[in-house]
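We begin with a single chain expressed as structure tokens, specifically the form predicted on its own.
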Amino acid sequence: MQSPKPLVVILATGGTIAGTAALATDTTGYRAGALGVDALVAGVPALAGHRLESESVAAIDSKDMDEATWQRLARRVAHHLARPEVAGIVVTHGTDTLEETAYFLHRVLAPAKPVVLTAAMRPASALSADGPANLLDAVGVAAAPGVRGVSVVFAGAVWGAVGLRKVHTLQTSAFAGSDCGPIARLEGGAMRVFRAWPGGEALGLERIAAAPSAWPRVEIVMNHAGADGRIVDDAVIAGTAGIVVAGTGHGTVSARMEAAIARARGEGVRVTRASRCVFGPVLPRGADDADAAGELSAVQARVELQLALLADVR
């Protein structure tokens, strides 16, 4: 008999959540993406009462995430969202580039149904693995009525994609969001919602239809003590189409870096100003300043700039 619960599709991409190590005490020396999605689901007995489908999109460590995998993932997410019987999608992912993939899906798809990304800081083989609880929470959010848009469920919190940051290398509460805080928290089996679910206008799959090898190259450079701008000049020589500057403070750069950025702009390179600070926006300097990253981190600003440049790729 088919479960009366809403249908949730789990799309796996690998990551620590599907990682295994030789020792249950090893939480750093593991192989990411070692477990298949069926084994991942079977490892959470509480999911047996849910109506699920699962599919493997990739089996990688998310530090190796690339444009081809993004393209494939976005197409599979869109495919399942178009099925009327599907209530929501869960994407299992590695933590390293989770904030980038979440923002990418948010901008490309801006879905009316929930697309919930989740991950883990400890491999599935660990004594105190955090992945099972995160996956169970993610499925619950994806199946809940009224939920929409792209979000990230991690350590009992539900974060919007915009402004999301990984803020710790080891702790299980590894993510934080913008100044607005989480969208919701999961406590005792209940979800407390604090603000509206994310929405927006989708750029659409057509924006990312070009072969990944044709996607514009966008690099990130950082301002720091002694920064002389040579890395910007080198990026221009290498054919970079866009540069995101992770500036100090409110997106500021040294005089020599500023001169190099001006030279890059003179060569037709698009530049976005972000900050190397963990939190806080980079606001426009005036009404005609379109280069400020707002509350996006440097890595999310890179995604935004690449998507903008893709508009000119045919």
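Residues carry their position along the shown sequence, with the first being 1. Bear in mind that the values here come from a model prediction, so they are computed numbers and not experimental data.
Note that the form predicted in complex with a small molecule isn't included here; everything after this is about it.
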| query | finding |
| --- | --- |
| Location of the small molecule contact in the model of the complex, chosen stretch of 245-253, 264-272, 44-52, 60-68 [non-hydrogen atom, 4.5 Å] | 60-68 |
| Thr16 within 4.5 Å of the small molecule in the model of the complex, heavy atoms | yes |
| The small molecule contact at Ala32 in the model of the complex, heavy atom, 4.5 Å | yes |
| Gly94: touches the small molecule in the model of the complex, heavy atom cutoff 4.5 angstroms | yes |
| His80 within 4.5 Å of the small molecule in the model of the complex, heavy atoms | no |
| Residue (of Ala102, Ala142, Val158, Ala120) lying close to the small molecule in the model of the complex, criterion heavy atoms within 4.5 Å | Ala120 |
